[in-house]
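In the form predicted on its own, a lone chain appears below as structure tokens.
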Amino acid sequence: MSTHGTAAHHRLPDLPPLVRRALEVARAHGFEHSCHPEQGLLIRALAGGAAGLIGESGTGCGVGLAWLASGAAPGVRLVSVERDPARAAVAAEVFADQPQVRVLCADWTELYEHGPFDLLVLDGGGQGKGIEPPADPARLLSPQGTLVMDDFTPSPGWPPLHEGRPDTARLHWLEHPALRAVEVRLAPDLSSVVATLRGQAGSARDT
């Protein structure tokens, strides 16, 4: 989750209607940890390249999911999981008139039951931060599917650092043998890792 991401959207005057709706709900419920607008713009653009299924962990009140749904082509389905029951219920209401969108009250591991995904945004579990195990991209992504992890702080050198130490979570994704990965700086204090699955049918082989 992003610190003060909900409030940061004031910088964008022309928001997609679905994003505006989700933001109003997030503000009404005092939820400040929505994705930042720069992240929203990135995942909306990536959603346009998804052919069949988009996934997300960490729905929150639905702001990031609204960015994804606003960029997705007609016919593309979206599945998002939120482990907090109250937030999951609130987010489901945001998308009540969007039949292509499902919000599930579940841990991020529920995504294994709904993939593989053409695009998967991990924002509420599965990133491998802290003590949690990282997600398995070969099980979750379709061939050449795209994975996005938000909320990293740009690091000027290599290896990337977090609190003065090598950032093991970020290194896991940037050096993952099954992925082609790059860190994208979205703001002076904000970056995302974007990765594509190598090979065919979930294989780690290069094509």
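Start at 1 with the first residue shown and count on from there. Keep in mind the model is a prediction, meaning the values are calculated, not measured.
Just so you know, the form predicted together with a small molecule exists too; it's not on screen, but the next bit is about it.
- Taking non-hydrogen atoms only, Asp107 approaches the small molecule to within 4.5 angstroms in the model of the complex.
- For the chain shown alone, Gly71 is not a contact residue for the small molecule in the model of the complex, no non-hydrogen atom being within 4.5 angstroms.
- Taking non-hydrogen atoms only, Asp84 approaches the small molecule to within 4.5 angstroms in the model of the complex.
- In the model of the complex, Pro116 stays away from the small molecule, with no heavy atom inside 4.5 Å.
- Scanning Arg170, His176, Arg44, His33 against the small molecule in the model of the complex with a 4.5 Å heavy atom cut-off leaves one residue, His33.
- Picking from 154 to 162, 58 to 66, 137 to 145, 45 to 53 the stretch near the small molecule in the model of the complex, with a 4.5 Å limit on heavy atoms, gives 58 to 66.
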